[in-house]
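Only one chain comes next, encoded as structure tokens, the form predicted alone.
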């Protein structure tokens, strides 16, 4: 048996953002690290497809400028985040309403000023039509139409209370949020004492978009963390597409650290076995794949349920006049949970003269998803979508790990001395959670290795020899 000619201190299995961020921290500590990825590119679910000059995200999870790991992770200094317009744009009762904290609001007093201005704003001509009569749907609560003089999401006082609550939430330490009683997020909202109109018209669609969970079965602690990030930062996307984040991490690692197209078939505390290159010996192994792939390599590891996500991308030369806003459907009148003219947020995602509209469907999509989405978008944006061109429809069945209560936000990353695991399934199901799990795993590895220096320089993975 030949001794393998290539070794490293740590082998990281999986080149998603969790594994790449851990590799950065390990190499920064002087530990030679080899990253092995079965796919032919890095990023995992943070993939971006390029079609005719468009950059189309496969899942398109929303990021927040308030995510601490985006600032603290080595290698992300060059990441450019493109923020949406402040707050969100809600479509409800046939018109658009701006909701959420505004920059420079100055706490509860500023929030009260903002919502009073919104409440007193003139209504569009369409609002002069008689109010719609409520339609009874079996199993669904019928809401009573507001009077014309009411604010879009309740009274001005209701919105001021919401603004003050979000302001307090932004300043609450995460540890205090994690100490709160844990319920499903939907049940927790009903127990918070906020008006039903505020909950159903704003918080439910917002949390569904942030958590990719339309039924709000997610742990209330995770929901509170998501609202805290929304209240203290701005929703955003990486410039150039979701892939920009993992590609930046990969490009700033030492040359030769990342190897794609390498399938790992088994792992131990001192080696990994690959289909292409046999055994690679090391001092520690970090499994940084998605939850299902991790469980295949680590029997007994829990596989969570998942939230499916479908993203539909359209292009038009006449974009809707919603600017760089994230648009949510407060009426739940169709399959689209949220949508945006994403090229207004990040112009690099579409060629000149064209607009890119990206829309997200949560849960199981309808049969003819593109037709259903077009009809819904026509109502949401108030324009005809008949001439819009469909660029792609991408469904990911296991897009986001579910975080139902009881949910451990700090699942162990150290399985044995020499064997570790990280990913969004060990933390929160967000980019922040994936990066933080990589942070925790790298800290555990460094502590166990007593590492401040490496034992050797990693040799390159050999290329497959050509046939004679």
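Positions refer to the first chain, counted from 1. As the structure is a prediction and not an experimental result, all values here were calculated from the model.
The form predicted together with a small molecule is left out here; the points below concern that form.
Contact annotation for residue 36: at least one heavy atom lies within 4.5 Å of the small molecule in the predicted bound form. In the predicted bound form, the small molecule lies within 4.5 Å of some heavy atom of residue 13.
Although the partner is absent here, residue 250 lies well away from the small molecule in the predicted bound form, with no heavy atom inside 4.5 Å.
Contact annotation: residue 396 falls within 4.5 Å of the small molecule in the predicted bound form, judged by heavy atom distances. Note on the interface: of 26 to 34, 407 to 415, 430 to 438, 48 to 56, the segment with non-hydrogen atoms within 4.5 angstroms of the small molecule in the predicted bound form is 430 to 438. Just one of 350, 264, 326, 244 comes within 4.5 Å of the small molecule in the predicted bound form, counting any heavy atom, and that one is 264. Note on contacts: among 185, 340, 373, 288, the single residue with a heavy atom within 4.5 Å of the small molecule in the predicted bound form is 288. Proximity of 17, 297 and 400 to the small molecule in the predicted bound form is complete: all three residues have a non-hydrogen atom within 4.5 angstroms.
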